[in-house]
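Only one chain comes next, encoded as structure tokens, the form predicted alone.
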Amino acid sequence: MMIDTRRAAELDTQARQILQDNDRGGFTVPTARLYPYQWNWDSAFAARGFGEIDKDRAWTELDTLFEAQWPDGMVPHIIFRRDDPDYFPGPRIWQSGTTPPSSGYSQPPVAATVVRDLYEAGPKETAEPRARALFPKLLAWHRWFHEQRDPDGLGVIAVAHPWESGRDNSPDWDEPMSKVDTSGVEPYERRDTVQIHAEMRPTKVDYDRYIALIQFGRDCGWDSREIARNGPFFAADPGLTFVLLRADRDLLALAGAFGEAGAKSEIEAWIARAEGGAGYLWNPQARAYCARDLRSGEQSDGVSSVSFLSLYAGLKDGDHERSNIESLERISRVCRYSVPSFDPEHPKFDSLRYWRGPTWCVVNELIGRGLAERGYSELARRVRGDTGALIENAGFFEYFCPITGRGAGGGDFTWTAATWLAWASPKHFATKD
């Protein structure tokens, strides 16, 4: 990627301004109107961005996220700090009974990785007490995932709602979601398609099923065990599995630094189980790690971008790794801008419809980190360069068409700006892949 110094400086300034504009006093919204609340993994990425310009503000972002942690350890995917008519479904639909009001599902736990990044960036005298204060909260959240989203000890983490994966309408969920009964869904009015063109959003059929799952959780009082055992949807997710495995490794490093011997043993057991269970997600026909419906045992048949997070997770399986890299190379040849969220040669690929094809900068960052750490320098540079080029050419959009580079979804997006500041800006190229 060739961006001249002046243009790079302009983008740095724009990215900083987006973080400041989306700041709501201790927490950021992903973008105005479309997402007017605090989102879980969005906040973690925002903290990464703030870490480049204001470390105290970065820690505060994480502190406000964990203010909403449930007593059982779960950190919800949305925190409703006020009722905003621009968003559906709001707190009155979820009825979580929490303070502050929140959703009843979680999201990929990138926070421990961000905490480690911030802690190691220092300075130690201020970073260590902030990280130590968050450590038991992170530990409780990871424990919740291992106990409530892997109840049978398979070593893979399941999602009870597509929103929990962060990849709402991915083709990975088509088959298991098709079995969700929507006959009892209460009437509702969406807000997202008023603000964003419908071709870029999940369909009404998708939303009917999303609401049916919320109603099930609400009706059982958000009992995680009941949701896992008897909920209409429960599918093992390679994305969540790999993000958590990486986060467990980072939490283990923090446990070592803080002398948390008991926690170290517990985390080591989680890591060992995940390393042993990852093969359950391998699909030899797709030559990738694919989602699996834990109700039926059926596996998805397409390559999602999260398959490539196996490297980020630290998995070392020679045969699977080679096949996975070959899939990434094939997909990168087909698309101008890597990495599309779904295989562009699969019939379900849709270049603009949310998680059915578009490229997402935050996933690119995780993929790129994993590639660089495993020594795939050329591929890592391609992913980072494509990410920077998308932002340079289209702006700080929520996601992008991998074929044309067109920006899509919300504009002035927090985590895209944060990804630029923390990883995609040319200032990082001299020291990292």
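Position 1 is the first residue in the sequence shown; the rest follow in order. Only a predicted model underlies this, so the values are computations on that prediction, with no experimental measurement involved.
Absent from the display: the form predicted in complex with a small molecule. The rest refers to it.
Requested in this report: Select from the listed residues Y35, W59, W70, Y376 the one whose heavy atoms reach within 4.5 Å of the small molecule in the model of the complex.
Outcome: Of the candidates Y35, W59, W70, Y376, Y35 is the one lying within 4.5 Å of the small molecule in the model of the complex.
Requested in this report: Taking 4.5 Å between heavy atoms as the contact cutoff, choose which of F233, Y337, W355, F145 touches the small molecule in the model of the complex.
Outcome: Looking at the other structure, the residue within range turns out to be W355.
**Report entry** Partner-facing stretch of 378-386, 364-372, 35-43, 49-57, counted where any non-hydrogen atom is within 4.5 angstroms of the small molecule in the model of the complex
**Finding:** Single hit among the candidates: 35-43.
Query raised in the report: For W420, is any heavy atom within 4.5 Å of the small molecule in the model of the complex, or not?
Result: Result no; W420 lies far from the small molecule in the model of the complex.
**Report entry** P76: touches the small molecule in the model of the complex, heavy atom cutoff 4.5 angstroms
**Finding:** No - in the model of the complex, heavy atoms of P76 and the small molecule never come within 4.5 Å of each other.
Requested in this report: Mark G239 yes when one of its heavy atoms lies within 4.5 Å of a heavy atom of the small molecule in the model of the complex, and no otherwise.
Outcome: Taking the distances in the model of the complex, the answer for G239 is no, it never comes within 4.5 Å of the small molecule.
Query raised in the report: Taking heavy atoms and a 4.5 Å cut-off, does P30 contact the small molecule in the model of the complex?
Result: Although the small molecule is absent here, P30 would touch it in the model of the complex, with heavy atoms inside 4.5 Å.
Query raised in the report: All three of Q107, E398 and W415 touching the small molecule in the model of the complex at 4.5 Å, heavy atom to heavy atom?
Result: Result yes, every residue of the spot touches the small molecule.
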